[in-house]
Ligand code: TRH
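Shown here is one chain on its own, the form predicted on its own, set out as structure tokens.
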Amino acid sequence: MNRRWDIFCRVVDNFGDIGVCWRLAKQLQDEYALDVRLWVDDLNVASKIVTDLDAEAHSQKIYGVEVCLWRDEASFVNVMPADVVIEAFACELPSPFIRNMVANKPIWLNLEYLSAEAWVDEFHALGSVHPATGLHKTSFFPGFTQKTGGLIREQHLITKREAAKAEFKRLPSLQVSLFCYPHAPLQSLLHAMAEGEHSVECFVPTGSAIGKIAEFFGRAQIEVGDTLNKQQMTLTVLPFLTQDEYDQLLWCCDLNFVRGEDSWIRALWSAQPFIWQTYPQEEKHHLKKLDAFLEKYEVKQNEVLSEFHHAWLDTEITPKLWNQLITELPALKEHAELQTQKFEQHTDLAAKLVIFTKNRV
């Protein structure tokens, strides 16, 4: 069996790449007892996600995973590849490392970005040949159907979620978590929440949107721990959360605003209603990605969840639309639970990776 795995990750922006790679590395080690080596090019950023990581150490074991600094090309001249090599999100492996792969010919996988688009089913697990070495590389596409590589989900996640929800004491006001890119129509959302028909408690993990929030409240700046009030809304700035802490926040909120890939899928597993902000792309291709997901999530174009998603991505949030969404929240909650249960029946990403590599031996 292929016991040794290398995962390569470049920290592009917004913590999404390292978030997914760290979850995957931990799961492969925890659930399959694999010897995982995670290569990361920016340990300072990674330390925000990887609890207890020492950003000054070039190699260290964290929760059973060896985390290594991805340095310059020369540092890989004598690094021997593992049995399985995952090139996460087309990050391009170091040339000396690829040359060293020729000797033992590991299973080489390019872990692609997640998409719900129909073409993913067709392109998942297709191979290509590296022109310089003749090595075979397989594109592994996460996705929302059984024909894809699945979604990242730990085996114990659902049990943990239900236990946490059982202990949580529901408050009379609406609980909302807000995690978004800076270009979101944030001012319109905050105005709609403040002017809305329902009292709202909004929780915002510190990040790039904090400046716009401070501007909305007429403040020069706001800090972690600040609580601000305006009409129907109370907003609290949270510290940067660990992955486990962020899961807890999603589970306990009535509505979650999420972005990118990692927080998007954690919101899906929360079984709570959520609004997803896709990463912006040229020619508004991100709107096609949104529509493809909403179709998989069984949301019709004329429904409020679809209208709200498109307003959040492409226009602004009006008080009328906000009130409509909140009025339909009980029905959206039932829908979210059913959709989560549907996707829980699919084999998860780590399991599919392990099965794939076993079949290649």
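One rule holds for the numbers: they count along the sequence shown, beginning at 1. Everything numeric here is computed off the predicted structure, so don't read it as measured data.
There is another form of this protein, the form predicted together with the ligand, and it is not shown here; the text below is about that form.
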Inset, instruction - Answer with yes or no whether Phe274 is in contact with the ligand in the predicted complex, where contact means some heavy atom within 4.5 Å. - result: no
Inset, instruction - May I ask you to check whether Leu241 falls inside a 4.5 Å heavy atom distance of the ligand in the predicted complex? - result: yes
Inset, instruction - Would you please decide whether Gly260 lies within 4.5 angstroms of the ligand in the predicted complex, comparing each non-hydrogen atom pair? - result: yes
Legend entry - in the predicted complex, Val12 touching the ligand (heavy atom, 4.5 Å): yes
Legend entry - Single option in Leu305, Ala336, Leu43, Ile49 placed near the ligand in the predicted complex, where near means a heavy atom within 4.5 Å: Ile49
Inset, instruction - Could you work out which of Pro94, Pro106, Pro185, Pro205 is the residue within 4.5 angstroms of the ligand in the predicted complex, going by heavy atoms? - result: Pro205
Inset, instruction - Tell me, please, which stretch of 95 to 103, 177 to 185, 70 to 78, 121 to 129 lies within 4.5 angstroms of the ligand in the predicted complex when heavy atoms are compared? - result: 177 to 185
Inset, instruction - Within 4.5 Å of the ligand in the predicted complex, which residues of 111 to 146 have a heavy atom? Give them in sequence order, or say none. - result: Tyr113
